[in-house]
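As a starting point, one isolated chain is supplied in C-alpha cells, in the form predicted alone.
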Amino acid sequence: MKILVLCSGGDAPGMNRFLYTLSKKFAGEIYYAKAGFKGLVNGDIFAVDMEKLEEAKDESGTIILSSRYPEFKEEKFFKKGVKNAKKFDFVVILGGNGSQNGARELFESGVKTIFVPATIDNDVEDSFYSIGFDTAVSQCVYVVENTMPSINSFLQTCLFEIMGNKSDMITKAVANIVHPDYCILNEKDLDHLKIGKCIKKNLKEDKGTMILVKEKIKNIFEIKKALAEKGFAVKSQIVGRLQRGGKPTKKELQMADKFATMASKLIKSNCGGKKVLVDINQNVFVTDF
C-alpha cells in the first residue's frame, strides 16, 4: 500500500496531527507531496520522516509544506499531477474548497482520492467543521482579551481585524466569546455614525471600545483614519497570522485525530472519491464527491 498526503492552500493548525495519526496507522506506507499540488506536479514526493513528525505532531503549520498553486487548473500541469498521483493507491488531500475541487478532478481522472477539510476559515461546503478553526478562534480571543486592558486604561478604541477570507465565521465565533461593543461583518455595518455613538457612550462610562472587523471589507487603516478625524483615539490590531500560528487547541487535536481515523477506515475499505466531513453535532461522516 502506498498513500500520498498533501496540504493545499493556507496552513491550518492540526495538519501535522492529522498526518501523524494517519502515519501511525500505516507505518512505512505514507508519502507526501512537498508544498501540495505544486509538489505533486513537479514530482517532489518523499517518504514521511516519523522522527520529525513526532516532534511536530502538536505544533501548528505543516512540516510537509503547503502552497497555493492555481497552475493545477491548467491542462499540462494537471496531466503531470495525475500521472504522479496514479503511482499511489490513495491520495489524501487537506485544504479548502479549491483543494476539494482538485481532489474531485483527480478522482474523475482515475485517482482514488480522499478530501479532508483543513482551513481556518471553516467555509468548506457541507462541513460544519474544518481543521484549524477552533485554534484560529482561540488565538483571536487571546489577542483581544490581552489587548483590551490597555485600551480601557486609556479610554481608547481598538479595531481588531480578523482573518476569514470571504467567511465571517471566525469573527462571529470570537464575538460570541468576547462580546465586542461593535462588529463589522459587512459593508452595511461600516456606519461611522453608529460607531461614533458607540464610542461616545463608552467614553461617558469611562470605558474603552472594542470593535471587531472581518477582513476584506475595507482597509482597517482607512477606518482608523476616518474615526481619528472625528476626534477619537483609535488603535488597530491585525490579528492576521497569529490565527494560524497558535498552538493547536485540545479540541483541534481531537478533531484531527477523528478525521485521520475516518480517512484510514476509507483506505482500509478501499473507498476512494470520498469527503470526510463533520455534521452540526460535531460527528465525522463520509460522503461522495
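Small disclaimer: the values here were computed from a predicted structure and weren't measured. Heads up: residue numbers just count along the shown sequence, starting at 1.
Missing here is the form predicted together with a small molecule; even so, the following discussion is about that form.
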query: Contact test in the predicted complex: residue 81 vs the small molecule, heavy atoms, 4.5 Å; finding: no
query: The small molecule contact in the predicted complex: residue 195, any heavy atom under 4.5 Å; finding: no
query: Distance check, residue 161 to the small molecule in the predicted complex, heavy atom within 4.5 Å; finding: no
query: In the predicted complex, residue 176 touching the small molecule (heavy atom, 4.5 Å); finding: no
query: 68, 119 and 216 each touching the small molecule in the predicted complex (heavy atom, 4.5 Å); finding: yes
query: Which of 254 to 262, 222 to 230, 239 to 247, 43 to 51 sits within 4.5 Å of the small molecule in the predicted complex, heavy atom basis; finding: 239 to 247
query: Sole residue of 165, 109, 150, 101 within 4.5 Å of the small molecule in the predicted complex, by heavy atom; finding: 165
